[in-house]
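As a starting point, one isolated chain is supplied in structure tokens, in the form predicted on its own.
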Amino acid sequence: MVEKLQKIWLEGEMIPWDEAQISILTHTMHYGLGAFEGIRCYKRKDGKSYIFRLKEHIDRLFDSCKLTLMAPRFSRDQVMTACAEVLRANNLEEGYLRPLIYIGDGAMGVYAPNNPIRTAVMAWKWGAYLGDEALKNGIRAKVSSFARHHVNISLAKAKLTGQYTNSVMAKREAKLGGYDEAIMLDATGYVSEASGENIFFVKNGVLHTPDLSCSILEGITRDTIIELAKDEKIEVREGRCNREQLWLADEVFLTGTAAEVTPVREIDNRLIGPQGSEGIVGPITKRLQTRFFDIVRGSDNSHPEWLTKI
């Protein structure tokens, strides 16, 4: 449950949490067209707080709006400033940010071109998305019966509110089956992504991940891991893969702003890893996870362009 804080930024004003209300006729609530982001702020070893890859997140937010023909009243710079202001207003040294751009009330029906486009930024305290134990020892996952949207049915590059319906259903199915997370295939049967995370696997020392044609969100943590792998001289291959490749992988892990870098120890009741080390978090996963957390929380200053001090 989200812990109630003090303030939310809504339409250019910092208002009390309980006063951040919307109309029951808000168009986005009825028809699902809205854009959002999830962004983390971390307290680093130097004692200061930094928003991780703020610009890239806000750029993707506005790209989502462009793809859906929504025109926000506020600029990218204004929304980035609002993110920092919300953290300060709520005295958060670490936290999760949720900028949201949505279609307000006015006309109803699918086509409502003149309804106002509204913008909000909220923040809350959020620890490890899948739990601290998951970060340490990995999770159990299941390939879902729900497929990721086809690229001609939805906008895979956009992070849109309504598109997460099938993620919700896939996650519910996995949890009801006793698993921690769902892995979704694309419409052609190749591996796409998890319910809210991108997926990587390691085979014979090479890091693999589905490419953008596999109906995946172009994840910012995904991009971070690809860059860190290059720093570490780990070969990265982007391309199609199938579920059998996951079952036979030496290592599997998920990435996302919420999930960070979460190992997967089992998929479809098959322990991940070479014989003799099945179900154990692998060395490349540990290496990249350590680099990631040292950048966001530690003293690794190799990518200062990813950090926005508040």
Ligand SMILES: Cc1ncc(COP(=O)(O)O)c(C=O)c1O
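The numbering used is simple: start at 1 and walk along the sequence shown. None of these values were measured; they are calculated from a predicted model.
Beyond the structure shown, there is the form predicted together with this ligand, which is absent from this document and is the topic of what follows.
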- [ ] Determine which one of 242 to 250, 56 to 64, 27 to 35, 266 to 274 lies within 4.5 Å of this ligand in the model of the complex, judging by heavy atom distances; exactly one does.
- [x] 56 to 64
Open item on the list: So, residue 226 and this ligand: in the model of the complex, are they within 4.5 Å at any heavy atom pair?
Closed with: no
Open item on the list: Can you tell me whether residue 194 touches this ligand? I mean in the model of the complex, with a 4.5 angstroms heavy atom cut-off.
Closed with: yes
TODO: Indicate whether residue 262 is a 4.5 Å heavy atom neighbour of this ligand in the model of the complex.
DONE: no
Open item on the list: I'd like to check something about residue 221: if you look in the model of the complex, is any of its heavy atoms closer than or equal to 4.5 Å to a heavy atom of this ligand?
Closed with: yes
Open item on the list: Exactly one residue in 171, 142, 159, 208 has a non-hydrogen atom within 4.5 Å of this ligand in the model of the complex; which is it?
Closed with: 159
- [ ] Scan 217, 120, 87, 80 and let me know which has any heavy atom within 4.5 Å of this ligand in the model of the complex.
- [x] 217
- [ ] For the stretch 232 to 261, return the residues whose heavy atoms include at least one within 4.5 Å of this ligand in the model of the complex, in the order they occur.
- [x] 255, 256, 257
